[in-house]
Each structure stands twice: as C-alpha cells, then as structure tokens.
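We begin with a single chain expressed as structure tokens, specifically the form predicted on its own.
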Amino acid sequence: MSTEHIVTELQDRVLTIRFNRPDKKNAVSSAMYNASADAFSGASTNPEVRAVLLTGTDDCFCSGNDLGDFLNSGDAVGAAVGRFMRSMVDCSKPIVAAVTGPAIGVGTTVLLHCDLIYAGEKTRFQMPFVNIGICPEFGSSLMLPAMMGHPRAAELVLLGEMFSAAKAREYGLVNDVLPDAEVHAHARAQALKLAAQPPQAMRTSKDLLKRWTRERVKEVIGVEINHFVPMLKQPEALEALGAFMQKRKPDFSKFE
C-alpha cells in the first residue's frame, strides 16, 4: 500500500522514508501506517537497500496519531498500527532518524526503534498519552525505563510534558543534537556510512543487538495496543479530546 503522505526514495543504497503530510503536521493515519509498514518490510528484503533514513518535513517530524482517523477507522486501525510496529521491530537494515520540529506521541516512540537518531536544536518531544486519557504505545512502557531508568521514564510519560532536544540527548533518546538546518544532511551522511559497511556483518550485528529483546518488545506492543485502542473511546479520552476541540482545559475530577 502506498500513499502520498509517505514518500520513499532509494538513492545510493539508502531508502528514505518521509512523513509527508505538512498540512496536518505529519499526523499519522491508518493509510500512512500501512504504507510505512510496506516500506520497512520492503527494505528488509531488498538487497539494494543497505540503510533506511526516516524523516519528516522541514518544520515537523511527526505530531502523533491522527486521532480523528483513529476514531473513525474501527478495528482496522489496530491492525494497521500493529503491522507498522512489527515491520520496524523486524527491519533487518539499520534505521537512521533525522528529527526536526515537533516529535509528538508516536513521533517520539518511533525513535526507540531506530538505530541512530539526530535531532535539531529546536526540536521538541512529547509523549502526551496520559494527558489525553490513553496509555503509551510502541513498546515504550518497556523500552523507556530500560533506556533511561524508571524515574526519568515516569517523568516523561506520566506528566506528558514537552521536553527539549538537550534533555532527549541527556536521557539517551538521541545520539546528537545539531543546528536544525544541518540535521538531515548529517543523518544522511551517517546513513551513507552504514550503507558502505559490509552488508552481512551489518545485518548480523543489528540482529544480535536486537535479538535478546525483540520478541519481548513485540509482546509488549501487543499488550499496549490492546489497551490503547479501546481507551480512545472511553470517557477520559473523550473528555480530553472534546476539551481540545472546544479549546478548554479538560476536567478529570469526576473520574475514579
């Protein structure tokens, strides 16, 4: 499946996968999840692809899920999300991310499944799942505490506040922070370095780095989705989303 909102380009053995929906700040729809899954699965099996570069548009990496699409897509959304997530977890080629502008929700958690991550100085990250009455996804409930420790993971997930690129680097979420205008070129240069490495040694080394946690991560992703999708239609999420649409502060005082 393909969509105009996911643009792919193979050049010099690097496959670029770009979120390309600037009018919606690259919010991810079910169709975009399916198209991205196709791209990552294809990269794994295509010998012409040695590395993947994941990016967005100049002013935004990804603003998270298209919640309107999610609410209208029924059970299909869970299947699309799960398929995309498994395709990234199972991708045999190294994935480099170039992140500029907002990286919200899945725009942050997707980075947990990349191998090298470079962010712009002005990039802002956020995982506002609890804020809108839902739970974290994409294996983040397992991977964030393992990466940065429980207190830091709890800070980012339970408070759901926006945080800087500097904090993302301090917490181990990104490799480096650069001037915004330099991020894409630097990330592509790193991807080209990976693409020049011996391909079998590269695939084997990535497989070994991921092997000990891969199946556990996929198990966690399934558990999270089983909570995440139903929660979108439960009262807390409906209050949060209604408040957002009405430009008011949500009131969770009536909930237990």
Ligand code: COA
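Please read these numbers as outputs of a predicted model, since none were measured by experiment. Quick note: we count residues from 1 along the sequence shown, nothing fancier. C-alpha atoms forming the largest set that superposes within 1.5 Å between two forms make up the rigid core.
Although it is not shown, the form predicted together with the named molecule is what the next lines describe.
A.B. asks: Though only this chain appears here, would F228 touch the named molecule in the predicted complex if you measure heavy atom gaps against 4.5 Å?
C.D. replies: Contact with the named molecule, no.
A.B. asks: Decide whether P128 counts as a contact residue for the named molecule in the predicted complex under a heavy atom distance cut-off of 4.5 Å.
C.D. replies: Yes, P128 is a contact residue.
A.B. asks: Residue-level contact is defined here as any heavy atom of the residue lying within 4.5 Å of the named molecule in the predicted complex; does G139 satisfy this criterion?
C.D. replies: No, no contact at 4.5 Å.
A.B. asks: Check whether V77 has any heavy atom within 4.5 Å of a heavy atom of the named molecule in the predicted complex, and answer yes or no.
C.D. replies: V77: no, not in contact with the named molecule in the predicted complex.
A.B. asks: Residues in which of 149-157, 171-179, 97-105, 111-119 have heavy atoms within 4.5 Å of the named molecule in the predicted complex?
C.D. replies: Partner-contacting stretch among the options: 97-105.
A.B. asks: Looking at the named molecule in the predicted complex, do all three of K25, L67 and M162 come within 4.5 Å of it through at least one heavy atom?
C.D. replies: All three within 4.5 Å in the predicted complex.
A.B. asks: Heavy atom within 4.5 Å of the named molecule in the predicted complex: which of C91, I132, L144, V81 fits that? Just give me the one.
C.D. replies: Checked against the cut-off, the match is I132.
A.B. asks: Answer with one of S30, S63, Q190, T55: the residue that has a non-hydrogen atom within 4.5 Å of the named molecule in the predicted complex.
C.D. replies: If I apply the 4.5 Å criterion carefully, the residue I get is S63.
A.B. asks: Taking the named molecule in the predicted complex, which residues along 223-256 bring a heavy atom to within 4.5 Å of it?
C.D. replies: The stretch 223-256, when checked against the named molecule in the predicted complex, contributes F244, K247 at the 4.5 Å heavy-atom cut-off.
A.B. asks: Align on the rigid core first; then say whether the Cα of A243 has moved by at least 2 Å between this form and the one not shown.
C.D. replies: Yes, because once the rigid core is superposed, the C-alpha of A243 moves 2 Å or more between this form and the one not shown.
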